[in-house]
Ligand SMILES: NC(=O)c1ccc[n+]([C@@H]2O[C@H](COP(=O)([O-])OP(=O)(O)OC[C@H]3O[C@@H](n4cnc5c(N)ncnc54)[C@H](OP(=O)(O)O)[C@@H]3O)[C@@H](O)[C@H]2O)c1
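Given as structure tokens, the chain that follows is alone and in the form predicted on its own.
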């Protein structure tokens, strides 16, 4: 089969679109013929975190396709079923954090940027009927991350206000769409005027320039919840507009991994600071039901053919995308 792999030293220059051996399903596994897959920032970071002389591995965590073969004992799906892939491996039940042994599909395991992927049968769910293949293939990882951040960790309620710094990524866009579906007010920020405008078109109530004085532009308004994927660059500003007793849920650090906190603001404001990443199978099922109920679809930035997966990586590296980048297989 054709696959986009990484092998050797860290870096995007050591990726290849090439032939790769197919893996047949063992007991409790299914083999999926991948139709579409989605690129995530994790795929970029993984390229630089692998060790020297790393063994060949298929990249990719997101995907959707058709069940091609069943391993022994699989009963929840049949050959020919249209499915989406839950990339959280080994996290079945909702819990405070991921369990020992939890992994994300695609490094160290072979991922979805291939014509076929073999995964546990518990990691497939029926493809949402209201989504195209392009939409279905890009939404699982970003959507489950956004859903857990908003509802499990952030405990979002209707009529609350959510701040989403750095709008434009797949996760941030899903946070916007899900929060609006839940009846919340949503404020977004971006350095890009174009991204701010796109967010307003998607339902954001207010869009701010990331470099502006948020507190001044918000005219004293405070938010109940901050969903942060940015990190260092926005931390002080986010805390300055957070209500007493409000929460910050962090799930990324695109601008830096270290922040300084004035503890007087923390204990004085009685803020809640939480981290999150991915989600359980239970939450994945809840998330799928939520997006089906509200007709939520991912925003597609661009679709790349499988053979030009490298071009998809280069676009994400440039940080110009708004929404999800899709990879379409020839199958």
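Because the structure is a prediction, the values reported are computed rather than measured. Residue numbers count along the first chain shown, from 1.
What follows is about the form predicted together with this ligand, which we do not show.
- Judged by heavy atoms within 4.5 Å of this ligand in the model of the complex, the contact stretch among the candidates 106-114, 168-176, 79-87, 199-207 is 168-176.
- With a 4.5 Å cutoff on heavy atoms, residue 280 does not count as touching this ligand in the model of the complex; it lies far away.
- Among heavy atoms of residue 15, none comes within 4.5 Å of this ligand in the model of the complex.
- Contact annotation for residue 261: none of its heavy atoms lies within 4.5 Å of this ligand in the model of the complex.
- Contact annotation for residue 138: none of its heavy atoms lies within 4.5 Å of this ligand in the model of the complex.
- Contact here is defined as any heavy atom lying within 4.5 Å of this ligand in the model of the complex, and by that definition not a single one of 61, 70 and 121 is a contact residue.
- The contact residue chosen from 248, 251, 74, 241 relative to this ligand in the model of the complex is 251, the criterion being a non-hydrogen atom within 4.5 angstroms.
- The partner is absent here; in the model of the complex, the one residue of 130, 222, 191, 94 having a heavy atom within 4.5 Å of this ligand is 191.
- Contacts between 288-321 and this ligand, taken as any heavy atom within 4.5 Å in the model of the complex, involve 316, 319, 321.
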